[in-house]
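Below sits a lone chain in structure tokens, taken as the form predicted alone.
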Amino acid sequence: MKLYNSLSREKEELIPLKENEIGMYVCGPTVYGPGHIGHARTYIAFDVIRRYLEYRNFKVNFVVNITDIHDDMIKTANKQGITIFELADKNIELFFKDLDLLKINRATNYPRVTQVIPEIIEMVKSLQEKGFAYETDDGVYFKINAFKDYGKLSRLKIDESKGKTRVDTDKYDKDNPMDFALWKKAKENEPSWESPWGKGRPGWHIECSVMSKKLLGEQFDIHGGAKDLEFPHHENEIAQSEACSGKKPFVKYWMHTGFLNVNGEKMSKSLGNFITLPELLQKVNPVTFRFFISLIHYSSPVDYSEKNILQAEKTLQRINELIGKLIDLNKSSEVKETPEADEVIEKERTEFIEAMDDDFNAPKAWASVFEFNKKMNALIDEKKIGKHNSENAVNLFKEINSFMDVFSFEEKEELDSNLMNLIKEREKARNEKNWSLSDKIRDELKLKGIELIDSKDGTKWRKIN
């Protein structure tokens, strides 16, 4: 199995530090408000990656941090007249609710920053003792000039990267404008903890180094996050972690998800296209959104639009229709099996795994599924699929679903006679080109929780919420 390492800029063979075990850390949310669809893009991508590794028999220790002390946390809590802890609890509950709707499996651990303050203080003390940190009037800073490999992840040289950091601390008296805060001394009415430098709170970057070390060790296999965290956050994690431990590498493989745009433009509140997860999940089926994200390579940009979501919904519907046919065949087919069908099934299993083993190449893997769909439908039409074939094909879809988690295996329910009569009445209206009556019945059925799908093979129905 190979994956693209952002550190080396090359595909590398996946060889864990411990045989068949993978330590994996993904930067989680800062819980000052609801998550947005960009977050969902990253969390879905790494959920699929984590679950595929488990499918390939790796034991994965998966850690996702929760940042519950931050400038934005303080501002929002003050604005709402509550504590940062109340704000965090409220938004963490919402975060997990969104994860469940998107069928994202829970991580092994979700550490919170406020739970590791003593460990953060110890790491800052260690960096200061080793000459990598210094104290100023407002806090303790990491001295990037003391770490000779600074910039090795982002490929930025120190003098070139000045001004590119989003950490707003350049107004303070630092040795170098690029030096970043490890500990911030408390301001009036801010949450704070006792430390050797007086009351204060952690800087942003130190948090992930401490939490990953505590739960995964000084060195671990995979560190993931969104592309915009590569610099400065992940760059700074490497610097402080390796400076503290003296061991290299801090992380063996770095993985980054691509950006998410909305209707071809960068998502931002100023453009009016900022979509929170609760807003998304009110109007888009969570499984459809998960499928839409899973179609795209984790490192590629994503363009969210109503058109693209509708296309994904139709594509998923076609796959689920095939699964439904296969389930019916398994119950009704008089044919036991045909070797031709089993060959198609085994070829698909091999192609799908080969694609996913190559840096989790989901687009190539899904392309093989779409071709498989065509072949299986053709074999069904030719009556070349028997009971055992259909069972094998359904089992293959279940294997894929163990990490993609988008298919439906529900057996088709029967509708009561009144609803079936309405469907027949609409079919008659369509045949007579009575479009107004046809649309009226369609809308009436939708209100009753039945969606009609018109196709060249006739009208089909499915239950909806």
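Treat the numbers as computed from the prediction; the structure is a model and nothing was measured. Residue positions are given as counts along the sequence shown, with the first one as 1.
The protein also exists as the form predicted in complex with a small molecule; that form is not presented, and the subsequent description refers to it.
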Would you point out which of 25-33, 55-63, 432-440, 397-405 contains residues with a non-hydrogen atom within 4.5 Å of the small molecule in the predicted complex? 25-33
I117, A355, L101, L229 - the one with a heavy atom within 4.5 Å of the small molecule in the predicted complex: L229
Which of F96, F259, Y134, Y110 has a heavy atom within 4.5 Å of the small molecule in the predicted complex? F259
Would you check, heavy atoms only and a 4.5 Å threshold, whether G324 touches the small molecule in the predicted complex? no
Any non-hydrogen atom of G225 within 4.5 angstroms of the small molecule in the predicted complex: yes
At 4.5 Å between heavy atoms, is R41 in contact with the small molecule in the predicted complex? yes
